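Coming up is one lone chain in structure tokens, specifically the form predicted on its own.
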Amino acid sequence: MTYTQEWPIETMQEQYEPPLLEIVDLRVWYGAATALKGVDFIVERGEVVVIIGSNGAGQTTIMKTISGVVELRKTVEGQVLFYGTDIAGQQTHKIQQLGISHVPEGRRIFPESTVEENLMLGAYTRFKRERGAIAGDLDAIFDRFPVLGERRKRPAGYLSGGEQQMLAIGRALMSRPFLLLLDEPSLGLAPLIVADVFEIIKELAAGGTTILLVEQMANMALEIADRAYVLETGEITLEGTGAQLLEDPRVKEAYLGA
């Protein structure tokens, strides 16, 4: 299954060439504290773009701002251009309808709801117009993640950490996104499970899903990145291909333990 949405943005696709996403002079404050200081970057259609940085550098703020998550005392300036249209400040469900799905840091599944109920929540913006297709997409998720199919009627809180991450990704895919935001998908997972998660990301990318990835496992993230950015205290300080940043001595020293 290819997770490519065909509504409601097809006319926008005709009018705008890539970049799929363009962040222009993005500045974010939480009260008096500055989180982002004029961030600029692009994500081209079909790419895996990675943002690396230390904890607290502002990566999660970028992801939440793109997906429209509103937080107390948060002030935003700048543009979030999706297919050339500024979506900054729009409501989260409207952003999802346009084709952006966010897998948040810490997964944020609903532990008391079943696996299947969690997945169906990912498709809630499609119920009125695509009810018939949703069942097929659910089957496709279970084909991709067989363990979720085996546990479809089980409360999601009983899943292992790796299974919960699969569920969070599957839930995001149920909206048929053009752009998948993955915020720290390796967080709290054992090394073998982290490797499995990165295999899933590579499979999604090979299938044509555009991915913006924030990740502390810099080495693994840069290995699968088409392009990458280094974020330090709210500013982009380096950019290049994944291969270029893997060989950059500043990146090696700061993030790769070399």
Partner chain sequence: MGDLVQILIATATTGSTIALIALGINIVFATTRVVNFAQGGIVVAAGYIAFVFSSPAHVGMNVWLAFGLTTLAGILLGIFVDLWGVSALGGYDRNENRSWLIITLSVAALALFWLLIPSSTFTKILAMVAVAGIIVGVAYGIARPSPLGKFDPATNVGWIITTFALGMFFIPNIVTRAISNSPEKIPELVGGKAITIAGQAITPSDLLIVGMSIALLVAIELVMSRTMLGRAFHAVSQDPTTASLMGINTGSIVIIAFGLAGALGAIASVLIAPKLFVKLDNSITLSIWALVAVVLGGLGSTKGAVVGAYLVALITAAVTTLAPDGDKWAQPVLFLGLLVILRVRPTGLFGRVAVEKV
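Residue numbers count along the first chain shown, from 1. Model, not experiment: these values are computed from the prediction.
One more form of this protein should be noted, the form predicted together with the partner chain, which is absent from this view; the next part is about it.
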Counting any non-hydrogen atom inside 4.5 Å, which residue from 200, 69, 220, 193 sits next to the partner chain in the predicted bound form? 69
With the partner chain left out of view, which of 150, 143, 117, 77 would have a heavy atom within 4.5 Å of it in the predicted bound form? 117
Residue 123, heavy atom within 4.5 angstroms of the partner chain in the predicted bound form: yes
Taking the shortest heavy atom distance, is residue 93 within 4.5 Å of the partner chain in the predicted bound form? yes
Decide whether residue 84 counts as a contact residue for the partner chain in the predicted bound form under a heavy atom distance cut-off of 4.5 Å. no
Indicate whether residue 154 is a 4.5 Å heavy atom neighbour of the partner chain in the predicted bound form. no
Within 4.5 Å of the partner chain in the predicted bound form, do 29, 38 and 61 each have at least one heavy atom? no
What residues of 159-196, in sequence order, lie within 4.5 Å of the partner chain in the predicted bound form by heavy atom? 164, 171
